[in-house]
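Take a look at this single chain, the form predicted on its own, given in structure tokens.
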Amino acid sequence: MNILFLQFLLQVIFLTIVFLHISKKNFDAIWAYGIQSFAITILLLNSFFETGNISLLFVALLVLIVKVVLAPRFFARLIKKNELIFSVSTYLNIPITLIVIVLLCAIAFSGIFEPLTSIISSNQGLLSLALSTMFLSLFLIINRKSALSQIVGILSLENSIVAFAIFAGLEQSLSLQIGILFDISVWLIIATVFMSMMYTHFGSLDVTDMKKLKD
């Protein structure tokens, strides 16, 4: 595929993570994650077309099924079951959150991580952007108070790592990818049960409500 199109896909992943930071609706969050995972699927398909490695095609299909179809359906059912329309707030307000996002991107593009982002010199800009998505996903996990948003942040971090690996030319082992997808599938089921129990007990998915357990 054209390098500009691959860059566009990475930008889509980046923008979906930024959107997750400012979104207030849970349905918007799961749609953003679905779009992000679909972009990862296309990147994996591109790797298959370039290398001819049939295992990459299998992995891409698994990603499509698990991340694009099953994961959003799990979350959508959870939202409908518990009538969760809006997510809870962040620890930092939107202006400060955006400032932190800019700072994290500046750090990712700085010379500090140049030894890492220059693994493939022709993809240095793309690798820096992929590194930014990793930082922003970590920040999403820390900054959000909603358990659902934190879980989406963890899944986004995994997508960001996959994107970085693709542009860094790292080998996508079939057994490793299948293991990761299996872990995600099991983890999604456990997380769904946990969030359902949390909502039943506390009436919300705001993790700050769990401070009551200290009493």
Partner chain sequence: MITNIITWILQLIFVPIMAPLCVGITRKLKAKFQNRKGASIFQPYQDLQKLFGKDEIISKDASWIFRCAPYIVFTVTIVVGASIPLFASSINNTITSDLLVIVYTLAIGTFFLALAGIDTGSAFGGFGSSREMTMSALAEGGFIFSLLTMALISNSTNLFMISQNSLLLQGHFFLSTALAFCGFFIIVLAETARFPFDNPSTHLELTMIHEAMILEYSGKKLALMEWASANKLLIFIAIASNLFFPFGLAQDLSASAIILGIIVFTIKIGIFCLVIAILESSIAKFRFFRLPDLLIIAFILNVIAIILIY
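Residue numbers count along the first chain shown, from 1. Note that the structure is predicted; figures quoted are calculated from it, not measured.
Just so you know, the form predicted in complex with the partner chain exists too; it's not on screen, but the next bit is about it.
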(request) Give a yes/no on whether I101 approaches the partner chain to within 4.5 Å in the predicted complex, heavy atoms considered. (result) yes
(request) Please run the contact check for F135 against the partner chain in the predicted complex: heavy atoms, 4.5 angstroms, yes or no? (result) no
(message) I'd like to know if I94 sits close to the partner chain in the predicted complex, meaning any non-hydrogen atom pair within 4.5 angstroms.
(response) yes
(request) Check whether F109 has any heavy atom within 4.5 Å of a heavy atom of the partner chain in the predicted complex, and answer yes or no. (result) yes
(request) Name the residue from A71, L78, L140, L129 that puts a heavy atom within 4.5 Å of the partner chain in the predicted complex. (result) L129
